[in-house]
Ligand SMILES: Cc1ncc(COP(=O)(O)O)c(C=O)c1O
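A single chain comes next, written as C-alpha cells; it is the form predicted on its own.
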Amino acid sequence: MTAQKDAAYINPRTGALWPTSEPLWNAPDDGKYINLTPGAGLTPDDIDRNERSFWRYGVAVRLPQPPEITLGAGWTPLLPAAWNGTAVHMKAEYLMTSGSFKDRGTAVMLNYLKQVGITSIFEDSSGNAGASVATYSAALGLDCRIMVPAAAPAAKKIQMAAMGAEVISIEGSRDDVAEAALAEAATCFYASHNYQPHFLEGTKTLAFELWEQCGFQAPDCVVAPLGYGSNIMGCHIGFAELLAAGQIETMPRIYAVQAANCAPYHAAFESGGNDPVSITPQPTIADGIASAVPLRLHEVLSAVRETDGAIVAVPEDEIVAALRQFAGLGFFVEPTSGTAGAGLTRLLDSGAIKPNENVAVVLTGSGLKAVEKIGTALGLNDA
C-alpha cells in the first residue's frame, strides 16, 4: 500500500468537499465542524516496525509531508490487569510526552497546520488538550494562546505556561470557554481539537495500535472516558478503516463512559434519538470531561450504536472508588480515567462484558495533573 495523501475536508451534513491544501477548522458552507474523507486503512506489511511511535502507521496518517516533530507520541503499552477478578488490558495513554492521550491528535493536527503555513494558533481546553497543544507548539515553533476555565487544575495551566503558551483564564464553565473561543476565531487560526479533523486522524491510530498489540485482531470491546469524544470517534474511524481493508472481521464494541453529573451524550443515547437532550450539569471530579454541550453528537452516537456498544454514566462515588482501585493496581491516573474503571465495573456486573472477552480500557491522563484533587478525594492530602 502506498502512502495516502488524498484526504479532503467534508461537511458530513451537506456532503460539500474542500481540499486540505488550505487550512480549515470549520465548514465554509454552514460554519459547523468538518471531517476528513475516509482513509483506506493499512495492512501489517505497511507498518514501519523500526518506528516506536504511532508514526509506525504513517502510511495511513494523511499529511502533505512527513512530520517535522513527533515527540514519540503513541505506541503506549497495553498492560494486563485484573479488574474485579476479570482479566482485562489497560492501554496506558497517559505515558505520552504531555501526559495524556491528546498527543496523538495534536501531533497530527499541528504538523499539518505548520505544513500548510499556519504560524500562530489558539485553542480552548479544560486542560489536557491545551497542555498537549502547548507542548507541540513549543516543539514546532508555533505561537500559541490557550483559553481555559479559571477553575482548571493549576498543574495543567502551569504546564501550558511552561511550554511558552499564553494562558487565558475564562470565568465560568467549560462551555463558556468554548463560546469565548468561537468569538475569538476571527483573529487567529482556531486549532480546535474538537473542530479541526486532523486531530481525529491522530486519535484513530489508537485503533491501529490495539489491533497490532492484540496480535492483529480487534479486541472484543474498548472502554474509554467520553468528554467531547475524540477517543471514541478515533477508535470508530480506525477500526472502520481496518474493517474496510479486510484486516478485521468485526468491529469491537465501543463503550463510552461519562460522569453522571455531566453526561449529555449519555442522555441523548438513552433517549434513543439523535438530538441533544437538555441536562442540568453538576460539578464532577472528572473535570476533564465536564462539558454539558455535545458537539459531534452524531459521530459519537454512531460509534457506539454501530458497534453494539453503549454510553454509560457513573456517579462520583464510583469514580473515586475506581481511582482507588486503579492506584492499587499501580496505575496513577487522573479522575477522568476513573470513569473508565467505574464504567467497566458496571459493564461487567450487568453482563454486557463477559469474563472471557478481550477488553481494552483506555487510561487517558496522568494523575500527576490532578494531585490535589486526587488527594482530597482519597483523603490523602495530609499524608
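In this text, residue numbers run from 1 along the sequence as written. The shown structure was predicted, so the numbers you read here are calculated from the model rather than taken from an experiment.
The next section is about a form of this same protein that is not shown, the form predicted together with the ligand.
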| property | result |
| --- | --- |
| One residue of Gly288, Gly238, Gly202, Pro197 in contact with the ligand, assessed in the predicted complex (non-hydrogen atom, 4.5 angstroms) | Gly288 |
| Selected contact from Trp83, Tyr228, Tyr112, Phe269, since only one has a non-hydrogen atom within 4.5 angstroms of the ligand in the predicted complex | Tyr228 |
| Partner-proximal stretch of 349 to 357, 30 to 38, 331 to 339, 55 to 63 relative to the ligand in the predicted complex, 4.5 angstroms, heavy atom | 331 to 339 |
| 4.5 Å heavy atom contact, Ser126 and the ligand in the predicted complex | yes |
| In the predicted complex, Gly365 touching the ligand (heavy atom, 4.5 Å) | yes |
| Contact label in the predicted complex: Arg104 to the ligand, heavy atom within 4.5 Å | no |
